[in-house]
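To begin, one chain is listed below as structure tokens, in the form predicted alone.
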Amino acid sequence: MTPAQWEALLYDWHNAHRLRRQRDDTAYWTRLTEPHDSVLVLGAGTGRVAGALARSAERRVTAVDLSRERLARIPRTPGLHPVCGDMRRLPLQGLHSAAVIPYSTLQLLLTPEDRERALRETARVLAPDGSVHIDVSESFDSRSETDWQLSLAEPCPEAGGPVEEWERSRPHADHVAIEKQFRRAGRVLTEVTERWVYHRALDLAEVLARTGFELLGIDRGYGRDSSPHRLVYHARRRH
């Protein structure tokens, strides 16, 4: 198995165990996008959100991600169309009525130029008055420096037994770098470094205004006091 295939498999494993108490987001996105017949999900990963949206109604859901290995793990669902591509240069032409950028995906774009480019591309493929909904987290802002520590240990049948996830954090001026190692029986299966931009560094309201959007509101969490560290920005494409 290649490092990218291990990463995709363990991304699913991580989400299955770490997000057991955070399943309200899929119900939230389903309610939010209910009126829309064509939804774009950017940073779709292995389809946790996109799959739920496609199953909830007869409509077209386009799931975009950079990783072919993650997209290969999306279950086949009627109406769900995986597309391998970069949200800064979307390989799409048609117009969608709504776009969802879930689970801090925008915070993986490290420069203001990249974030602005991604939102301009989103505006390009949205219908007039189409909406974008962006989920970001404040929790990265308070990450302190840590040495290696065990963050998760759970069975993983596809890996042949229990897997351990180890991580350490390195804060920087505008982002935190989180290094991860996934270990099985003392052997490192794969390792990744994630760099997450702080919410305070995003200037998201201003970037939305510059890229052709009107900010409509901001939700804290997914309702019912679920995940209050998360903020969901709602904006509409201007004509």
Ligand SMILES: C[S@@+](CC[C@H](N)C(=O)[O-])C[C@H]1O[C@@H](n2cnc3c(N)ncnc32)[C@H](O)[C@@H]1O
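For every residue, the number given is its place in the sequence shown, counted from 1. Here the structure is a predicted model, which is why all the values come from computation and not from measurement.
Just so you know, the form predicted in complex with the named molecule exists too; it's not on screen, but the next bit is about it.
Enquirer: Where does the named molecule sit in the model of the complex: which of 203-211, 166-174, 48-56, 182-190, heavy atoms within 4.5 Å?
Expert: Checking each option against the 4.5 Å cut-off leaves 48-56.
Enquirer: Which pick from 73, 88, 143, 124 sits with a heavy atom within 4.5 Å of the named molecule in the model of the complex?
Expert: Contact with the named molecule in the model of the complex is made by 88 alone.
Enquirer: Indicate whether residue 226 is a 4.5 Å heavy atom neighbour of the named molecule in the model of the complex.
Expert: Contact with the named molecule, no.
Enquirer: Would you please decide whether residue 82 lies within 4.5 angstroms of the named molecule in the model of the complex, comparing each non-hydrogen atom pair?
Expert: No, no contact at 4.5 Å.
Enquirer: Does the named molecule come within 4.5 Å of any heavy atom of residue 67 in the model of the complex?
Expert: The answer is yes: residue 67 has a heavy atom within 4.5 Å of the named molecule.
Enquirer: If we define contact as a non-hydrogen atom of the residue within 4.5 angstroms of the partner, is residue 108 a contact of the named molecule in the model of the complex?
Expert: So residue 108 counts as contacting the named molecule.
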